[in-house]
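In the form predicted alone, a lone chain appears below as structure tokens.
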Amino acid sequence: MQLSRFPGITLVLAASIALIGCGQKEEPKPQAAAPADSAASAPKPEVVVKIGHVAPITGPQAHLGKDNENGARLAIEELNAQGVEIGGAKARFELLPEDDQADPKQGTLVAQKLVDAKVNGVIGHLNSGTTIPASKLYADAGIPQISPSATNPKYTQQGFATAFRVMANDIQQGKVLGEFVAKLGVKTVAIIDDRTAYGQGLADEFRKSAEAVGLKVVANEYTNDKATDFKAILTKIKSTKAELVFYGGMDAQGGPMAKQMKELGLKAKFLGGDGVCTPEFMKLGGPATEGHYCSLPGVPLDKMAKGPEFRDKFTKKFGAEIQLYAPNVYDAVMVMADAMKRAGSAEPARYLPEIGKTSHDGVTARIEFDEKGDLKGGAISIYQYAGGQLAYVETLGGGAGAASAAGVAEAVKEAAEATGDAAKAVAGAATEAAKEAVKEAADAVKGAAEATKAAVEKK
């Protein structure tokens, strides 16, 4: 975090330091030329860091896969622009993108391709159904894998030291969703899932939570992630008079499902997880999506300390709005690069232990992992479809505001360091005005930091 995010602090410090410099002219000192053959003139060695990325780039979920890939590309380009060094060598990051078509078999094929290419790490896969089988191949090869979006608990319950994820899992999300439905006053629910690892996993966790809070599950129905006609199962659900339909699956099926619910006169509310919390869901469902609900792990982008900045960079570069997981992918790449820098190596065996020690102030959250590789905290935000937009309702669960709190802590630290530097600059200064300027700067820094902290706590 830079002090440019706190313009009041920056202006006060700049003014005080400018005042300090008045009247204190120092003659420039001649500098000896470095020998032509000195180490300083030699170019730094370069290390190529190959990062694999896997998501569905073709098929019904291609819009989500491309969104993920763009998040990775943005992070890779920024790392290269920063001139990141790893172990004293300049790092050149390369992205190796692969398309798993959201198909488990294809997922293992491209995973083996990345293993054979000797990538330094893998970001992905998008779906739990492809992430889980691929994870064994990466684990056997000792290649770190950070998924930005696979939420099925099994992924990190397999005991693979190489597996991490940067978003809440289905246990965390399902629990919150069941409690939210109870708060709506709903008594009866019907559950549909697409039989994928993600859809079924989330539906199972929702069922557990719903029953735990006293809701009655009046129907359990199944479809698949290629279906488009849901009228038969929706007709059965209509006869149960369920007050809410929960769907575990993605937007390609969720949107048409909501539309067909309206066509059949089914009055029940619709609720889904992150897979349907997208602009595409509203596009496919049209006016029938109005008033329904969905959830996303984490806090809304606008409430993230670095969220608005990320959105501006992303839309400017790609000319498209964020679909779903791009900020999580961006964070996953940055976490991997940060572990490499701390380890002083891009070799998987050397930097892997550092991933587990991560404490990274990302776009989406303060990212720290538990012993299984799951994200600590795991806040879940609820949204309602309203007027063709996703309207924020509330954030439930742990970790809400973690990124903002971390941002305040870092800002306070930077402010204190900057004030200390200013004070050193006027040690022995000849004028009382200069000393007074430093005092005013310190007071301003303290006041701004306290105000920012109070604002975050209020949220």
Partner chain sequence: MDILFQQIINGLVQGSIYAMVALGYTMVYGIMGLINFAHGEVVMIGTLVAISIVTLLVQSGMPPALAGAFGVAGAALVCMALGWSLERIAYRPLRRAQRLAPLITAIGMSIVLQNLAMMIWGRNYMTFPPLIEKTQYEFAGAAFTSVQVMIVVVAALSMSGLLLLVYRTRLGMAMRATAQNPAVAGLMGVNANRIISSAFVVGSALGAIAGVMVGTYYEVAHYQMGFMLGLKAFTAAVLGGIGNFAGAMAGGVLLGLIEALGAGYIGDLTGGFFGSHYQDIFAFAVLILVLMFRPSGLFGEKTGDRA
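Quick caveat: nothing in here was measured; it's all calculated off a predicted structure. Positions refer to the first chain, counted from 1.
The protein also exists as the form predicted in complex with its partner chain; that form is not presented, and the subsequent description refers to it.
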Interface segment, criterion being heavy atoms within 4.5 Å of its partner chain in the predicted bound form, picked from 280-288, 377-385, 159-167, 118-126:
280-288
Against its partner chain in the predicted bound form, would Pro104 count as a contact residue? Criterion: heavy atoms within 4.5 Å.
no
Can you work out whether Gln253 and its partner chain are in contact in the predicted bound form, taking contact to mean some heavy atom pair no more than 4.5 Å apart?
yes
Using the partner position in the predicted bound form, report whether Asn224 sits within 4.5 Å of its partner chain, counting heavy atoms only.
yes
Do Gly265 and its partner chain share at least one heavy atom pair within 4.5 Å in the predicted bound form?
yes
Of these, Ser359, Gln389, Thr315, Thr228, which has a heavy atom no more than 4.5 Å from its partner chain in the predicted bound form?
Thr228
Which one of Ile57, Leu396, Val393, Val47 is close to its partner chain in the predicted bound form, taking close to mean a heavy atom within 4.5 Å?
Ile57
For this chain shown on its own, do Lys90, Ser345 and Lys372 all sit within 4.5 Å of its partner chain in the predicted bound form, going by heavy atoms?
no
Do any residues of 112-144 have a non-hydrogen atom within 4.5 angstroms of its partner chain in the predicted bound form? If so, which ones, in sequence order?
none
